[in-house]
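A single chain comes next, written as structure tokens; it is the form predicted alone.
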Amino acid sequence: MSDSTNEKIIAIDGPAGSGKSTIAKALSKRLNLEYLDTGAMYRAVALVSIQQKVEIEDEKQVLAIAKEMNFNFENGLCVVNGFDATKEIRGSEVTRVVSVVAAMPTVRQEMVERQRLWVEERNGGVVEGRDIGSVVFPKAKVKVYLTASEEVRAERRIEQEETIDASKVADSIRKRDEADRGRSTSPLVRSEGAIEIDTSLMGVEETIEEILGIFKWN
């Protein structure tokens, strides 16, 4: 599809724990648009690669899995190849290797094509990830870059993953930040024209109102 500013696309980027998923889901409901978590797509590829005992650093094999996979994101579920993988893609083993999968250029190209097709089929949507405004939809009408302090992001992940090992979570976030910002293909950056919002001390509704106020979405 052509990346047109006429499409109703809201691109939300940011590091782990910055509030992307929470804000994107809430915005999609407020604006009656469908929501896509692109990070879940990479996690799904990592999960199936693990299940099929593929060498996680073998880009050719991982790409083959990515091309064959069937994704379905409806009603908050992540259905992969016909089974509900919503919980499995958030597991520790997937979290440990997903940055390797997400750094593969050919896998990213495959996922970007799927993401653009998803939006084209729906004539828009709220899409969140780490390269949405910079690579996937650089001409999106609304581009937001969410951030938060490392401490707050770690607290959110601890709550999300239901763990008490704070030091392990904080270390995982730092490593993911380094991997996301340092990869050669589609690194995590604040894209041109994106509004940066620090959510450290902001609630969901406050953040949404700020986004809608800035962009005056119709």
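In this text, all values refer to a predicted model and were calculated from it rather than measured experimentally. Residue indices: 1-based, along the sequence shown.
Below: the form predicted in complex with a small molecule, not depicted.
All of 20, 38 and 176 within 4.5 Å of the small molecule in the predicted bound form, heavy atom check: All three within 4.5 Å in the predicted bound form.
Heavy atom contact within 4.5 Å of the small molecule in the predicted bound form, the stretch among 22 to 30, 56 to 64, 40 to 48, 146 to 154: It is 40 to 48 that comes within 4.5 Å of the partner.
Would residue 140 count as a contact of the small molecule in the predicted bound form, using a 4.5 angstroms cut-off between non-hydrogen atoms? Because no heavy atom of residue 140 falls inside 4.5 Å of the small molecule in the predicted bound form, the answer is no.
With a 4.5 Å heavy atom cut-off, would you call residue 102 a contact of the small molecule in the predicted bound form? The answer is yes: residue 102 has a heavy atom within 4.5 Å of the small molecule.
Is it the case that residue 90, even though its partner is missing from this view, gets within 4.5 Å of the small molecule in the predicted bound form, heavy atoms only? Output for residue 90 is yes: heavy atoms within 4.5 Å of the small molecule.
Does residue 98 reach the small molecule in the predicted bound form if we count a contact as any heavy atom within 4.5 Å? Because a heavy atom of residue 98 falls inside 4.5 Å of the small molecule in the predicted bound form, the answer is yes.
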